[in-house]
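As structure tokens, one chain now follows by itself in the form predicted alone.
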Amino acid sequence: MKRRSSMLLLLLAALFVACAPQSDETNATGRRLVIYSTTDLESFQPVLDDYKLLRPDVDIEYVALDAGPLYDRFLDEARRGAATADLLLSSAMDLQVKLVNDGFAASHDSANARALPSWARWRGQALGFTFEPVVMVYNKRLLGIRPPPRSRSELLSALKREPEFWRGRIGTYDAEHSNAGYLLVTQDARQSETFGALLQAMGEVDVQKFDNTAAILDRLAAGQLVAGYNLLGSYARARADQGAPLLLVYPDDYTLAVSRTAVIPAAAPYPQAAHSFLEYLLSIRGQQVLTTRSKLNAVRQEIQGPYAQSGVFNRELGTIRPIALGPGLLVYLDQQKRARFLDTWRRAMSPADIPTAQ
């Protein structure tokens, strides 16, 4: 009787183990992966498809968000103790650095991670996986015989010389509502002594402000804008390759370059899947898929082609100045400094909205 009772207890215990929820670490072997990303799904789909060839067991949920909402959503989930994404991919390098600085990131160390340029990695926790030159873009048909301005000083001169031609026909990021736009305009302010004059000139010709590069490119391709300032080069080049009448200019004075940056949350529900996918992104195979199929500029210097670093350095003029991952990006995230900077930016870009003193 005792033997039968013992057997029954063992069977019940085995059944309980089989039905019990798996631990995070067990699930982390790769059955699920949640990615929050600022890259649109259409561009990133080839990367997901190729990874699935290597890991068909991984069920990927890809959530496309703007940089600010991505950051806010992750923080809200983390602070509530709710399940977060397993991997955060964002073009807002400063916000990714802040997550690392505030202790929200896990380390990812590998030969592929160490092969990244020094400016594209910080603490082994913020890792850049693309190289994005920031360009001026013109509608060639609307420019006509006018030579395209090829530097900030040339653009400033053009706006001053023909304000009515440019009025309402130049677009750029809305730094007040776009985190990527804020990052770029603060970097411009650090790089150029004349950038304030260019902002003011844009404001005087009623510059149009947008939340992302795609919206500006839509209006450039449709002939609603003549020029776009501070646009992500990979998106612009892809549109031009598809037949849009667009001319890309890498500014002669300097060309900023941003890097889409990956962070694995320290409390990621499925960390092994996150590390596996990030390792693929940083690998030669992943970088080649990014370059050849997603039309995103690869960060690895070994990759060749028009969407690789070599394609930019070898074919274009100007000084490339990559924005480095690191604590320097935290400076303009200080709330008081941000408020002062945006007040200056707002006054330059929207002079008609600033009340005059009586």
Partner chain sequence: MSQNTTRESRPEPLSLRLRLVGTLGAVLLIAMFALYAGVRVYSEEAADRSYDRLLSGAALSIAESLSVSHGKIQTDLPYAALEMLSAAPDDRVFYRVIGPDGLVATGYEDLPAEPAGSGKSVSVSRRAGEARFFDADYRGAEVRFAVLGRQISEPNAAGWVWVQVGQTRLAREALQRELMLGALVPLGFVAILTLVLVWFGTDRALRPLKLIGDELAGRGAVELDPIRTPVPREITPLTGAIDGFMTRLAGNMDTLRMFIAEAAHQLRTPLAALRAQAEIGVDGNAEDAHRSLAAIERNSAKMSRLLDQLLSHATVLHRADVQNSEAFDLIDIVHEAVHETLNLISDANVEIDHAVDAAPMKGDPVLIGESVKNLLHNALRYGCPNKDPISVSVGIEGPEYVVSIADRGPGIPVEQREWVFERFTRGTQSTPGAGLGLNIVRRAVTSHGGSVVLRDGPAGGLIAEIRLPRASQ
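Numbering follows the first chain given and starts at 1. What you see is a predicted model, and the numbers here were worked out from it, not measured in a lab.
What comes next is about the form predicted together with its partner chain, which does not appear here.
Legend entry - Non-hydrogen atom within 4.5 angstroms of its partner chain in the predicted complex for each of K98, R190 and L329: The answer is yes: all three residues contact the partner (heavy atom, 4.5 Å cut-off).
Legend entry - Option touching its partner chain, based on a heavy atom within 4.5 Å in the predicted complex, out of G144, G243, G81, G103: When its partner chain is considered in the predicted complex, the option within 4.5 Å is G103.
Inset, instruction - Could you work out which of Y235, Y250, W166, W122 is the residue within 4.5 angstroms of its partner chain in the predicted complex, going by heavy atoms? - result: That would be W122.
Inset, instruction - Look at the stretches 55-63, 40-48, 291-299, 320-328 and give the one with heavy atoms within 4.5 Å of its partner chain in the predicted complex. - result: Going by heavy atoms within 4.5 Å, the stretch is 320-328.
Legend entry - Touches its partner chain in the predicted complex: R346 (any heavy atom, 4.5 Å): The answer is no: R346 has no heavy atom within 4.5 Å of its partner chain.
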